[in-house]
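Listed next as structure tokens: two forms of one protein chain, kept apart as structure 1 and structure 2.
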Structure 1
């Protein structure tokens, strides 16, 4: 008999690095920052680092180990992102995982023609609407770069469309500090003021260092502004193994860690406690093709190991999922995307993006987003583990049915069968039923779901005064860019 009070469950997971190896990666990272250092391209940031105890030689900054270890302790281990009503939506900590789309693809696959074309502003609105409608896609990135608006402030248009078409948390990009300031002004209008936004942020900036080992002017300025505002930022490397990082995964991991942690130090010196989500991108370059592979096992290994380092630091983790090198939504896209979805969950990623990327991040696929929503539901059920208690052990039911019996009609089955996951798009019917229903593939079902959402789903409307405030910010930016 099981102890009736025993309800603890083990969350499924994987481990690539031993504690000794994590300690070794950490020590190597500190040595890179002490010996080689990083380029910091903003004089004011260099002055701040020098005042804290770093060694500055021109644009190069070398960092004592104690400062990095202080920054790790100073940064929040838990970052909460809210919806636009100010209610908590994602608790980025531990092994809690949330899936979302990617950003800034130049192309999309048209949902009606199936043709690859340049992204337009309507695509940003449509992907926001799709994310709003899908239960298991938890946050939004804009996916496409709108080619039909003023290029220098397209990021402002993206943010407006995202706000209008979903109430879920938003991870946004900003081309420069001026645009970032404008986007934050827009967000403050949505939230009800600067203090309300800081207290219950519904958005976080995505930004990157420049690999190898450089914090560019735009990146530094964005970090300083968000630290001043006390708003969250995703700061993650975007390196390529074998091109802008060592070809060995271990070497790339050390360099990525050095870039991420030196960025973390900048934020914490600017304002201790600034919420930062780190780890992230150690992409693989296929030397034969000269192109980035979003589904290479080396990328998956590096990303999983990077996540383990951030678990080691007890810091929130940015991660990848649901993406593929396929050129259209097909068997390859489904297989690669699904492997990513399960792997990232097992690796304990928190803010898990790029769901819907195909063609190595160049193209957005609506069908891929919908299909990966289905996979996310499956993965979340798996990650729930197995609850072991007296009721679930089912000794009474086993005794009632006995040898040769059938559990279909038993009371225990009736009470518990609804807990099992049921797919929406994946087909479990008989072949005869499948043929009668039109022999639809997953791609057919996903495309149908996309069109249904586009044509029928309505996001919660934005207050008219807020909408006017967003438009005023954009018009002011248009004037500034004339």
Structure 2
């Protein structure tokens, strides 16, 4: 028998662009780079580009199409990030998606008082603990920017706290090349040397060009250093539709692509095969408020299309999720965050960050992270799709139970019900039960879980010798900054 009922399982997904449209965006991107070009603010990088065949005019570099297409082929189509033990944790490729937090918000919502306040180093430790404890948050960004340590090297302190409080992969930021070198020195101590770190990296740098179309001095220097080291880097535009990018989504997409791909070219010329995670942020400026939006549908459209372009190139994708413009963890934060969580999964983002961002990236919410962890569990169940086969089509069970019967007590139900998702925080109890249990909202449940983790979770401790090495790097940097 040829079984016509059997259908191969498909991963759910969405599509915004046709192949022709992707080709059109690609061509327009190449044209921007040929005609308008980009500013490259480091002479050495301009020389490197010129030698490869670019046209240099002052700070402006115009790029021939073949170079960009070479860089797309030269860059790895997969980047593996490990945990601190060197075991693989995330395979950034294809449609494999991983959620993580965001970085460097000046404020956090205090987990005990519910008040917004300046972020301190303990917040970085706490968010790391939270990420370590949550099943569906796969990587860590530092979330708060510590206001209670030496400002010029706070990035080093962030890195130390992250290493101490989670073994999951870390996406870090660095203020400049000197600090980046110090952080990589710390990471090498954790991994057991430069080669071990290069082979099984547990961290990647987050860095960005300046929109529109400028590769700033710090950006270039960081890219060059990591290319030298052969370490992974996220290079993502952080533009605003209508302000630092055209107001039309297609135009913003083309410009973002030009920024990302010209950055990719720099890394591949510096060292072919440098692991880069690209695509990224095409944020939106609200013309009524003049404010940046992290949850506008225009941003969602642009991000989804950008991911599609990177699928088309077979390059790893940096993406957004679980973020909101709300000022506290409220109904808006939940709604915007949850739409993002499902959308990014459907769009096939790989390294999906900013879970827990509220107030347009100015404030971090622990409750939002926990709530989005719950949403992520739901999304994962959805993304499993429907398995269609004889056993699941259940003809036997349907016939056995028959009209007027019930399936609850049937063997087929018993065999298969565990496949279905059971929420941890979302409430499905009866009103009576809910009332008896204290009428708790999602916000209450999330806050409770946050405090539980802060008070009880213990990440795997790092070795004493590693801890000392991290301290030594920070002390050296403190001396340098005196």
Partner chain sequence: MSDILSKLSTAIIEGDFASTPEMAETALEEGLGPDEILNKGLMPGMDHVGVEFKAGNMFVPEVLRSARSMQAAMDIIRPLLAETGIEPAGKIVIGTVKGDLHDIGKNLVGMMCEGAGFEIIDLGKDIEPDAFVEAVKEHSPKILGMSALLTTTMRAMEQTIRALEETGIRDSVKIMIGGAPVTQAFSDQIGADGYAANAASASDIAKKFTP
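Heads up, when I say rigid core I mean the largest set of C-alphas that superpose within 1.5 Å between the two forms. Positions refer to the first chain, counted from 1. Small disclaimer: the values here were computed from a predicted structure and weren't measured.
In this pair, the copy labelled structure 2 belongs to the form predicted together with its partner chain. Core superposition places the Cα of residue 404 2.5 Å apart between structures 1 and 2.
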